[in-house]
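Below sits a lone chain in structure tokens, taken as the form predicted alone.
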Amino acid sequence: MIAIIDYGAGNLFSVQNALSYLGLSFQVTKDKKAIENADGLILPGVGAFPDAMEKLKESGLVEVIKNEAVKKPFLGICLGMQLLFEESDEFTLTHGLSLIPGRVEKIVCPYKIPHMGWNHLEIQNTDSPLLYGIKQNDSVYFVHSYMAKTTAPYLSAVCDYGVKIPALVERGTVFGAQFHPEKSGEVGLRILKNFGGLVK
């Protein structure tokens, strides 16, 4: 069973719909015990990094997420991915969950911000379990103004938007998708299905 973590800053409906379509067992929860007992975790997120971290702290879920993410498959989506890093400078310097080394910064590029719409994946790690069946230059859907800055060992895929943007990151059992797999058609569904295949 996958726990979709509800902390008041997630786009829960579309994630639920995608998992239902794939026939994956899930529950939406903010209960610590349910998160501890789940076989896999998804952390969605829309909005601003400082607000999301404040909501996580108010919900009392920071420590349980940090503890459980290293024990079982964990997927952060969009802002949920950004929260995996050590800090963000969105509005004010804010510490994140520190599950993957790196920080989150404003996208600086020659194109319109936010980065919104379809973009090609440039696969960096062909061994990533989330990318099974995904081809070089398959397209996924993005909506964001900030991007992660991290190093090559954690990059599974990037996209080009005048600057190389980390699109899929991973460290052990922890995965992050800057794009919205639940809004990315067959490619996104395949990535979610691959994640579901990791959940025992």
Partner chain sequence: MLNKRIIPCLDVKDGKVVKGINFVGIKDVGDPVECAEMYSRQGADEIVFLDITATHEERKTIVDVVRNTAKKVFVPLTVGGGISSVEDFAALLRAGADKVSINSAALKDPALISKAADRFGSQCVVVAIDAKKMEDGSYHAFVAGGRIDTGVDAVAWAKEACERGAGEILLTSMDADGTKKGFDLPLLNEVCSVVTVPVIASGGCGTLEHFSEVFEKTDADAALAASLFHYRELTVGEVKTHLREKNIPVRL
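The model shown is predicted, which means the values in this text are computed figures rather than measured ones. Numbering follows the first chain given and starts at 1.
Below, we turn to the form predicted in complex with its partner chain, even though it does not appear here.
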Tell me which of 86-94, 67-75, 100-108, 113-121 has residues with heavy atoms within 4.5 angstroms of its partner chain in the model of the complex?
113-121
Answer with one of 160, 58, 36, 63: the residue that has a non-hydrogen atom within 4.5 Å of its partner chain in the model of the complex.
160
Find out whether any non-hydrogen atom of residue 48 is located within 4.5 angstroms of its partner chain in the model of the complex, and reply yes or no.
no
Is residue 143 close enough to touch its partner chain in the model of the complex, meaning at least one heavy atom pair within 4.5 Å?
yes
Does at least one non-hydrogen atom of residue 183 fall within 4.5 angstroms of its partner chain in the model of the complex?
yes
Using 4.5 Å between non-hydrogen atoms, is residue 139 touching its partner chain in the model of the complex?
yes
